[in-house]
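The chain below stands alone and is given as structure tokens, in the form predicted on its own.
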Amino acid sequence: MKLYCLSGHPTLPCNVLKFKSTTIMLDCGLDTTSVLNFLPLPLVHSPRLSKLPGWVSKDGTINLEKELKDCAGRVFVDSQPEFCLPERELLDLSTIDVILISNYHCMMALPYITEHTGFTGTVYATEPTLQIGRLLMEEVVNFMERVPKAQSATCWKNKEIQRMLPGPLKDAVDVWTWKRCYSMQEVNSALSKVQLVGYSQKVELFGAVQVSPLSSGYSLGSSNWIIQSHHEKVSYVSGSSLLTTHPQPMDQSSLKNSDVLILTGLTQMPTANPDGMLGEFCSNLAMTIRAGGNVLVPCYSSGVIYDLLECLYQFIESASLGTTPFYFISPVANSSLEFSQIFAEWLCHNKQTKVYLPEPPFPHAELIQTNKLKHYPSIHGDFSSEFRQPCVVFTGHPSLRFGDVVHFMELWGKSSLNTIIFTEPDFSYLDALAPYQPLAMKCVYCPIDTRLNFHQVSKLLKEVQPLHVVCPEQYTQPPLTQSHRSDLMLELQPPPMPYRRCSVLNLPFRRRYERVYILPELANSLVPSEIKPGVSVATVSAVVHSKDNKHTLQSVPKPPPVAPSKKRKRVMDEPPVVMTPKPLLSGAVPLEAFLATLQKHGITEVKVEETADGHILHLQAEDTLIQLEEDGTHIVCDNNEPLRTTLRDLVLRFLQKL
């Protein structure tokens, strides 16, 4: 069993498991942190960005003025942002049989895998994962296509040139694998390969293994996966949460008795308490509005935004924010808010019960009805005529490199009354803000990450007790910025097996058993023999028939009667000769009784020598050795076949024939 690791990002994993003749991809996360190296894409012409000076090396030998721009002391690539794809050279991706998706954040690289590698398999995901994943992909495609850039920067990717660039461009990894965003046509083609599954539904893969999704408690429809054969079990834990939020709670008990547990997607903010961050978010928002400023919240169009709106719903009246408008701007804003209300069976129990009252499970439905929350596809059209300040705007993209958020950064960045509140943990907020410096608006960092922290995962692993744990190498050492915090890493016995991008791990257990079925008529012909009380054994002569990884014992076919013929048949036409099986022997040869039997048959000069495995009997007059061991008896007798036959028959008297 092998594990191929195609992504170096611990919360956006992409691994391939080879298990019992099947090749299974576990998630295909897209590392979007690469976009931080690019200039923002403004929705309207930005004089500031258009006047940025091009970059030339200090000695003047490298001139990349058209590709790289100097902005606020850092160098950025001036072209359409590109994404860091999973590794595609480590193994032939066309051999992948199935792709298992754990949540909608971990499927953003799907079109790159299914449309450009010769993939012909099936993708399995839950319905909310598919539908919300489609919205997130559609949103990114829309953001990119609204602001097309003609030029494509490639010269800076040359290894010799990249070495000369200032950081962080100099340290960017695998830049030649970075790709522009896919098209909507590729998204639709990729998602047409998805087959929907429900929690605990068992899916057979070629008769070899069975896969089943379990609720992971992180987001709508998010899953952990069980991959098992009759005798082996692998658990894949990715993006899980034990906190009480809107999704169904995590199913922990089904992870027990795993031979291998592959662990990814732990919290990126182990020191930030989500409840504390929500409180800080609300108080900073209220302070800014009371001072007459605007609040900008860069966010994804699904996920944490549902919890933020629910928190604000309870907070608005107590903080006297009843008249403040809340705007949610995204090409998929309407669909996202509606989907969250219709996936009732994927929600936690409290929200499920509201559906049967009937009430909307999320309070943002009431905020929309009372006009406190308004949603728009973009800043153009209705929004520009209805927009009033001070206000709170939720919009994307959290990287601040594309989407409507770029316009608000340019619009509000120069006033210290305004505040930007970061809630998504995927991007360094300092790197996100870098191309907008100098910035007058206040910045608040309240990362809300509900995924498992190290304390929770250690407790979970003690309860489910897998034999082996495999995880990203980042989890086996403290963070670089807090090297003294040994509590921010996994300490297990035996130690976990770490992986990094491009590693290939041989997982530490071998298949020992295989299930074989026996046909009723063959079972009926067996004659069991009792070898000790309660234990009976029967010998079987059969033909093994294997199809679709299922093995069946069938009766040995009798050769058909051969009609007499004068023609000589070719050797290959003759039926195979079926040998009559020799009887199997069981039992042990008792030393004293065997010596007495030898004496009766005239063999008296016997020297007995004790060994680690049994005894050696030296028949001195006959110059013969008999080795009596637990699992066999050997008679060493040169050129005296009658004596050897006699001794063999004497040994057989003490053994049981099966």
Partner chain sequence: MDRECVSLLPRVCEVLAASGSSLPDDTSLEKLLDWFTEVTKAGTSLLESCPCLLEFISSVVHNTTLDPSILSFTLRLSGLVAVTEDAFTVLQQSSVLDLVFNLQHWQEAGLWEDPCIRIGWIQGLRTMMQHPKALGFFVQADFLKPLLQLQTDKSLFVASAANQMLAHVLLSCQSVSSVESNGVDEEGEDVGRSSGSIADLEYPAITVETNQDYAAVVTAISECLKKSLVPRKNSQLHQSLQILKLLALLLAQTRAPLWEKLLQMVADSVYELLAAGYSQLVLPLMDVILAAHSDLVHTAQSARVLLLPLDIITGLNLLTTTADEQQFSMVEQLKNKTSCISMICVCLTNTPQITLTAADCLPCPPVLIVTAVLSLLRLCSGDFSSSSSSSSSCRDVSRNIIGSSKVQKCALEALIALSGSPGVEVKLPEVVTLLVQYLDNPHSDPTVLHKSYQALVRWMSVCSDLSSITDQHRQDLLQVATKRSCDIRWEVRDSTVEFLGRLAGVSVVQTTAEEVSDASVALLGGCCFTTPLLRAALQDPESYVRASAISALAQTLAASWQQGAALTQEHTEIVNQLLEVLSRDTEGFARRAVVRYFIAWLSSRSSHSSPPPLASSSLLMPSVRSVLSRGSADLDWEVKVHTLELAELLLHEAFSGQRGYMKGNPTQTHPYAVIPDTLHTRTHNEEDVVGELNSLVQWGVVSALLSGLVDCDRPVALRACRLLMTLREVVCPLSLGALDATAAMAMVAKVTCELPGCGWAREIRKMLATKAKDAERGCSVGEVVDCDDCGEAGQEAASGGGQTPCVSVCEVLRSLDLDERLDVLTRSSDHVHNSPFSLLQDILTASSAHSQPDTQQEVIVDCY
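Positions refer to the first chain, counted from 1. The structure presented is a predicted model; accordingly, all values stated were derived computationally and were not measured.
Keep in mind that the form predicted in complex with its partner chain is missing from the display, and what follows is about it.
- Message: in the predicted complex, does every one of 41, 51 and 53 come within 4.5 Å of its partner chain, counting any heavy atom?
- Response: Not one of the three qualifies.
- Query: Looking at 243, 85, 75, 272, which has any heavy atom no more than 4.5 Å from its partner chain in the predicted complex?
  - Reply: Contact with its partner chain in the predicted complex is made by 272 alone.
- Using heavy atoms only and a 4.5 Å cut-off, determine which of 130, 391, 286, 141 is in contact with its partner chain in the predicted complex. It is 286 that has a heavy atom within 4.5 Å of the partner.
- Message: Even though the partner isn't displayed, in the predicted complex is residue 375 close enough to its partner chain, meaning a heavy atom within 4.5 Å?
- Response: Judged by the heavy-atom cut-off of 4.5 Å, residue 375 is well away from its partner chain in the predicted complex.
- Message: Please tell me whether any heavy atom belonging to residue 349 falls inside 4.5 Å of a heavy atom of its partner chain, as the geometry stands in the predicted complex.
- Response: Taking the distances in the predicted complex, the answer for residue 349 is no, it never comes within 4.5 Å of its partner chain.
- Query: Would residue 382 sit within 4.5 Å of its partner chain in the predicted complex, counting heavy atoms only?
  - Reply: Answer no; every heavy atom of residue 382 is more than 4.5 Å from its partner chain in the predicted complex.
- Item | Interface membership of residue 339, its partner chain in the predicted complex, 4.5 Å heavy atom rule | So residue 339 does not count as contacting its partner chain.
- Task: Specify the contacting stretch among 178 to 186, 275 to 283, 246 to 254, 259 to 267, defined as having any heavy atom within 4.5 Å of its partner chain in the predicted complex.
- Result: Correct option: 275 to 283.
- Message: Do any residues of 455 to 488 have a non-hydrogen atom within 4.5 angstroms of its partner chain in the predicted complex? If so, which ones, in sequence order?
- Response: Going through 455 to 488 in order - heavy atoms within 4.5 Å of its partner chain in the predicted complex - the hits are 484, 485, 486, 487.
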